[in-house]
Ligand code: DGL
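Below you will find one chain, with nothing else, as structure tokens; this is the form predicted alone, and questions on how it binds or moves follow later.
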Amino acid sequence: MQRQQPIGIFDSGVGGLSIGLAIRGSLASENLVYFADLAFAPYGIKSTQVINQRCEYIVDFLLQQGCKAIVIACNTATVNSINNLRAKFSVPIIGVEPGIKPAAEQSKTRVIGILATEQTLQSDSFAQLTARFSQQVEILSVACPKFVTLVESLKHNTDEAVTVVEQYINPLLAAGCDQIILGCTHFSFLRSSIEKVIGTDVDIIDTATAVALQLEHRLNQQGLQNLTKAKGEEKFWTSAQGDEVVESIASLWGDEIRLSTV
């Protein structure tokens, strides 16, 4: 496998772009292929069977594009499918999980809150993760289906977004949470709206940087990191069609994009 081969990144929609931006920031020379499975979004309300089928299809597709490593830039896909994908495919596969450990270590009130999708909160992986820290802190979780819609429709920095954030987060603040964990990659784009609600005494835990660092570690470990000095290229794929898809991805990525449809 060649070092110049791309890294594959996928999500049910555009939320995983937050992970892609973190990877671009720390691994500037890497070529990236991003797949937005918008025809099947959101994953948070789909069955585990459907999520597994889509994840297998997308990873197989990304490997056909020559990808040397795969990043599951979706918490719901990670908790439902990563073990199955690692058993089926031989390339490095990096997933995302809610940052409960750093939140538990930093909390002074011993109460932390997790914002996620319903599928993530109901998964066995999430139950196992929370069980590891349940003696250390009180863990409160909230399913936030409206967050995904706000990001996909580019309304994440609006007054409407702040109102929705208040609906989900105010009960956590009232319960004494001093750490708010973003348990879905879409939610990173709502950070400014969330900050307007929580003020300065509550921390936001976002795992995008941690995922990029783990990817870099795995690439170095297996001798796969691109060592050239040239800036890497990006290619975007989606399972949906429409000009609004291009607009959505380009807006969140912050640059012009090349988008192809499968």
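All of these numbers come straight from a predicted model, not from anything done at the bench. Residue indices: 1-based, along the sequence shown.
From this point on, the text means the form predicted together with the named molecule, which you will not see here.
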T117: touches the named molecule in the predicted bound form, heavy atom cutoff 4.5 angstroms: yes
Partner contact for F35 in the predicted bound form: the named molecule, 4.5 angstroms, heavy atom: no
Partner contact for L172 in the predicted bound form: the named molecule, 4.5 angstroms, heavy atom: no
V148: touches the named molecule in the predicted bound form, heavy atom cutoff 4.5 angstroms: yes
One stretch from 43 to 51, 202 to 210, 224 to 232, 24 to 32 that, in the predicted bound form, holds residues within 4.5 Å of the named molecule by heavy atom: 43 to 51
Residues of stretch 43 to 81 in contact with the named molecule in the predicted bound form (4.5 Å, non-hydrogen atom): Y43, G44, C74, N75, T76
